[in-house]
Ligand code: DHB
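So this first bit is one chain, no partners, the form predicted on its own, shown in C-alpha cells.
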C-alpha cells in the first residue's frame, strides 16, 4: 500500500485559482498546506465505486436464530479519499449479502452498518481483510444488511521525518470521509445511504458516538478537503457505542468521582489529594451540564450515584439474577450478600457496589497523566511531539519537564472535535436521533458517568436512546449483539 506524505494538490482538475491555506494538525503537522475548494470536491469519477469489483464468498455465521449460510459479495480495501495520507489505513471494505440459507437477498434498500474496529485510538487497517471481519459486520450481513468496515489512522503512526500523522483529529476525520464515500456512491454501493448506522467499542465506541453527534459539522471541513473527501455529507441515522472512551477533557474528574475510593490492583491508594482535586473539578462540570431526569430533577454530583444505581446498576443486577437458575442465583447471592433480592429485583448501596467492583484500572489522573504516559496524551501529540497535556490541571502538575505554562492553542479546538458532548451541548440538528449505548458494570477503563451523561444528554434532547449496563462485565463487553441487529431493523423500519 502507498504511504503518501506529500502535500500535492489534493483535488484533480480543481481550478488553478485554489488558495493554499494552513490546515492545523493534518498528518500531525501544524504547518501543512493544502489546496482547498468547496468542501469535499472531487474529480469526476475519482471516488466512484466499482459495482463489479467484488469477490463472492459463502460462509456460515452463528446468530441467535442458529447458524446461517450466507453468500455475499465482498469488495476488498477501497481507498475512500482522493489524496490519502496513508491508504493502508484510509480504506474500507464492503460486504453485501446475496443469499441467506439459499434464499436470494436484495439489499438495495437495506440499512448500512459502518462498524469500526478501533481500540485505544490506535491505527486500524482493513487493507489485508479477505472477507467480512468483525462479529457485528457478520451479524449484519446475516440479517440482510450491508456492512462497511472502515480503517482509520491512529495515534502511533509516525512518518520518516518523525511527524505523528494519526493523532487527533485524524481518526474521526477518516471515519467521516468513509461515511461521505458511501453516501457519494448512493445507488452504486448497495444499501440505503439514508439509513447508515455506526458501531464501535472503546475508543471505537467514542468515535462512533462522535460520528452520531457531529454529523454535518463544518469543524472538519478543512481536514476533509485536504484529503479529497467525497462531495457528500457525513450525517448518520443511528449510532451504536460500547464502553466509549470519550469526554476526555472531563474524564479524569469523572474517573475520580466514580472510582476514587477504590485502590489499584496492587492494593495501593492513588494520591488522595489529586483524586480530591479532580473530583471537585468534575462536580463543577456535572452541575454545568444541567441534565435532568424524572424523579431526580437536575443531575448533579450529589445525586448522580443514586441515578446511576436506579437507572443502570440495579436493573443490570436484576436482569443478571433473573436469568440464573434457582441454584446459581442462590450461590451468587450467598457470595454477594451486599445485594438485597426480593425475588424480582436487586437493590444495594453505591459504596457496596464500589467494594464489589474492587480495584480500579487506572492511576490518577487516568487520562491526562502528569508524566504524559497515557495513550490519550499521545492522541493529542503533534508534529514530532509524541504526547501533550490537554487539561489545565495536568499541565499545572506536569512531571515530564516539557509541559509548558499553557495548553497549546490548538488543543481546545481538537478537544471539541473529539468529544460528542460538545456537539450534543450545541444541540446539533444533524446528529443521529437513535442511540444504542452499552457498558459493563465492572469496566474501570473509564467512569460510568461517561455512559450515564452521554445517554441522558441525548434523552434531554428528545432522542431515542436504548442504554443499559451489563452486570459484572468488564471493558469491551457485548452481551446482546443479536438485539443490536434487531434494533437496527426496528429503528430503520427495514423488514427485508
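Positions refer to the first chain, counted from 1. In this text the structure is predicted, and so the values were computed from the model without any measurement.
Not pictured, yet referred to below: the form predicted together with the named molecule.
In the predicted complex, residue 120 touching the named molecule (heavy atom, 4.5 Å) = Yes, residue 120 lies within 4.5 Å of the named molecule in the predicted complex.
With the partner left out of view, is residue 459 within 4.5 angstroms of the named molecule in the predicted complex by any non-hydrogen atom?
-> Contact with the named molecule, no.
Do residue 376 and the named molecule share at least one heavy atom pair within 4.5 Å in the predicted complex?
-> Looking in the predicted complex, residue contacts with the named molecule include residue 376, since a heavy atom lies within 4.5 Å.
Counting only non-hydrogen atoms and a 4.5 angstroms cut-off, does residue 245 reach the named molecule in the predicted complex?
-> Residue 245: yes, in contact with the named molecule in the predicted complex.
Single option in 414, 362, 195, 183 placed near the named molecule in the predicted complex, where near means a heavy atom within 4.5 Å = Only one listed residue qualifies here, and that residue is 362.
Pick from 72, 390, 164, 367: which has a non-hydrogen atom within 4.5 Å of the named molecule in the predicted complex?
-> Comparing distances to the named molecule in the predicted complex, the residue within 4.5 Å is 367.
Out of the stretches listed (201 to 209, 145 to 153, 391 to 399, 277 to 285), which one is close to the named molecule in the predicted complex, meaning heavy atoms within 4.5 Å?
-> Result for this chain: 201 to 209.
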